[in-house]
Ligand code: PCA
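First, one chain by itself in structure tokens, the form predicted alone.
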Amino acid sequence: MKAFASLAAALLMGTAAVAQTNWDMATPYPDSEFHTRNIQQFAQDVSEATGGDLNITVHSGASLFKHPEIKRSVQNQFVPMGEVLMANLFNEDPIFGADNIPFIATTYDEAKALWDAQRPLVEEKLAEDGIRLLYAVPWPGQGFYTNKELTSGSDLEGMRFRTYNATTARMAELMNASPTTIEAVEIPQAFSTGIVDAMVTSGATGVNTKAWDFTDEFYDLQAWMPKNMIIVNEAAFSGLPEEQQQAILDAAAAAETRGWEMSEEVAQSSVATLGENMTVRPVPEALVSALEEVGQTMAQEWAESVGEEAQAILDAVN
């Protein structure tokens, strides 16, 4: 009987071990970033909803894969889940770059309307690569950080401008600046070594990188609100029990709602923090006019590259 009891216990433990699934998730952003904090809560929600049967370990700060590698790593099942800046996939399909066109969506309501129109097309494109979209959350509106005062668009000419994807590189070209690709974690070093002398990014990134240590001026343009998306390999997702799949979907829906609220809160607090540590200047009309022209050119180029589907997305915010 003792032998039988021991065998039964061993079988039960083996079954429990098989039932428990441990997933890794790759994100390029540090733990302090609100996107990462939101993901950590998402992972905790999934674990609690599944009674610990599905555990997601979040690897932050590009510690598992570099940002450009994450989407393909999820696609090829090197890692089940990951976080990617959506516009970084613009070269794969321009539909991913809708939220990176300057001055198309400059408020959270406009950004949400754009996302509602863009989302089905993004889901369709990802599905072609065996990837499921779980949720997406915007960054606060993008602004300029420089080491000199800007009065017009001509002040940007010749600047070594930090960019982070093809769309921001195109914007820099249209401003007659010199685009230089730098990941967020490398920004301080890039400025301190003279690789770049201006950048466009959110107030949140400016606070997390302590932009006042290497730049002097911030212009809160609210130019656009690029989104990060959380993706999962479809085969890995489909291989889970239905109740675990539903737990992920429920946690993702909650994370999207929570993330948009966090983004708006961070937008307000980060500009206030920047103002305490560096000069936050009003945006000159001449600079706005120049950038609006850039935005119109980029919107036209984007619409031509996408085709008839583009107009529905642009109409959503007009």
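As the structure is a computational prediction, the values presented were derived from the model and not from experiment. Note that residue numbering follows the sequence shown and begins at 1.
Missing here is the form predicted together with this ligand; even so, the following discussion is about that form.
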Is there a non-hydrogen atom of Trp139 within 4.5 angstroms of a non-hydrogen atom of this ligand in the model of the complex?
yes
Is Tyr29 a contact residue for this ligand in the model of the complex, using a 4.5 Å heavy atom cut-off?
yes
Please determine whether Ser202 contacts this ligand in the model of the complex, using a 4.5 Å cut-off between heavy atoms.
yes
If you check in the model of the complex, is Arg162 within 4.5 Å of this ligand, heavy atoms only?
yes
Please pick, from Val196, Ala184, Met86, Met175, the one residue with any non-hydrogen atom lying within 4.5 angstroms of this ligand in the model of the complex.
Ala184
As a check of understanding, the residue in Pro94, Pro102, Pro226, Pro80 with any heavy atom within 4.5 Å of this ligand in the model of the complex should be identified as Pro226
So which of 162-170, 243-251, 104-112, 124-132 is the stretch with heavy atoms within 4.5 Å of this ligand in the model of the complex?
162-170
